[in-house]
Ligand code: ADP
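Presented as structure tokens, the chain that follows is alone, the form predicted on its own.
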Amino acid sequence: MNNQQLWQAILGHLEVSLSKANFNTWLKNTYILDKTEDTITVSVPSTYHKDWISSKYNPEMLKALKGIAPEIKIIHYQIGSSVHKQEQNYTQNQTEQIPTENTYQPNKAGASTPQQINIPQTSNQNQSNLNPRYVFDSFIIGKNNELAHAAALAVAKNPGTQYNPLFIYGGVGLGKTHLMHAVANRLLADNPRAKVMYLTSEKFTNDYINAISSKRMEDFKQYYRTVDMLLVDDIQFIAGKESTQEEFFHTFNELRDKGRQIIITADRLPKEIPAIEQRLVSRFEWGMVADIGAPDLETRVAILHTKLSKKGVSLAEDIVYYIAENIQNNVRELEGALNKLLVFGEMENKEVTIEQAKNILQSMLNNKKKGITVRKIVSLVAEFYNVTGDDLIKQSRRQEFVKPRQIAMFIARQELASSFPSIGEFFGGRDHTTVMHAVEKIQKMLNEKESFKQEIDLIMDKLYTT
């Protein structure tokens, strides 16, 4: 049994016991690099894959080896090593192959080219407004995003057939746009002739208004309804725009009827977007709805290590953990803090110490809370739950106001360290015990329901980015 057959047998054993999403996310892009008398060395895509596979799946792999190759007692994991051409072909054929009969060929003009690691810089890609850096290889997978990542990979392999539309929701700077671009970049790598379009919902609205004013609606329809893949960012901004929603409804229907892939992002679930037509909500839910939450500590550390590796620089581990522990809700801020320290180290021409890191980032961490008031918290919570700020403050016990009111009290307590009496006074002169009860109830819900935690994370993102 050669290395290829051995690894295929091990993966076959694991595939039976794992969900498809987990198998595709963690094990599909792995293969054997080397085999000695009692050891195999396995190639994995990233540091995070290495840590996750070795801790979660290593026992199962060793168990499978007992019946296949009992002489193997140890599995080593190595990140992205170059291999012989034979191994590369095996990897493509066994773990990344896209069957010809399922390959997306929207223009019916020639078969797609084999998948390539480097995305070709075609004029089509430039016209599509894609970021060539946003590819699957540079996306760090964690518990917060593994479902969305797995769904995006599935769409990339069979656009227009599975998970159409793909609706990804989550807070600012968590990777929604990265994933949608990764799907489109993969499509263009396979089929450079494909017509891909990325835009924000605001641009769609503006183009629609301009088409009406210039009497060029037919051109508008031809432009938007003939693409092979349409990516729309921040769809929540078409809320309340009835004519735009009407036009997007028809665009959506025509593209989907033709088997063209649609990918949409938003800051919340479709049904939680206020002032949006129910028929659009139902269509957004036709395919796959996947969330991206705030990354946990391990994922944040993995992101920082990946950024450092790509830049070819190093940073003391205690500094990496300090950044990860203090910047929790936004990947962009995480990278911004890292860049700030690297620039300082480059200017000083010496390694940054943990004391210097704390001083440098102190202003950044403090500035996050500047401008945050109870009134702003109330306004954002009310907007999120499609009620008014007055609804949360007045003496009403209607159920649709109670939960948002308690959330606003909880955030005011957590983020501003306001006293219970002062919070109660702001919320219509309520007793401090009412506030204490609200804070305790919300904390309990956070501990018990992951979906509720995601709601709070979305509100927190808006609090610090608007």
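Note that the structure is predicted; figures quoted are calculated from it, not measured. Numbers follow the displayed sequence, beginning with 1.
Below: the form predicted in complex with ligand ADP, not depicted.
**Proximity to ligand ADP in the predicted complex (heavy atom, within 4.5 Å), stretch among 166-174, 68-76, 202-210, 387-395** = Looking at the partner contacts, the answer comes out as 166-174.
**Prompt:** Do residue 331 and ligand ADP share at least one heavy atom pair within 4.5 Å in the predicted complex?
**Reply:** Residue 331: contacts ligand ADP in the predicted complex.
**residue 139: touches ligand ADP in the predicted complex, heavy atom cutoff 4.5 angstroms** = Output for residue 139 is yes: heavy atoms within 4.5 Å of ligand ADP.
**Prompt:** Do residue 235 and ligand ADP come within 4.5 Å of each other in the predicted complex, heavy atoms counted?
**Reply:** No, no contact at 4.5 Å.
**Prompt:** For residue 303, is any heavy atom within 4.5 Å of ligand ADP in the predicted complex, or not?
**Reply:** Yes.
**Asked** Can you pick the one in 284, 224, 134, 252 that has a heavy atom within 4.5 Å of ligand ADP in the predicted complex?
**Response** Residue within 4.5 Å of the partner: 134.
**Prompt:** Just one of 383, 246, 335, 146 has a heavy atom within 4.5 Å of ligand ADP in the predicted complex. Which one?
**Reply:** By the 4.5 Å heavy-atom cutoff, the listed residue in contact is 335.
**Prompt:** What happens to the Cα distance from residue 453 to residue 304 in the predicted complex: does it get closer or farther than here, with a change of 3 angstroms or more?
**Reply:** Closer: residue 453 and residue 304 approach by 3 Å or more in the predicted complex.
**Prompt:** Are residue 231 and residue 453 closer or farther apart at the Cα level in the predicted complex than shown, by 3 Å or more?
**Reply:** Those two alpha carbons end up closer in the predicted complex.
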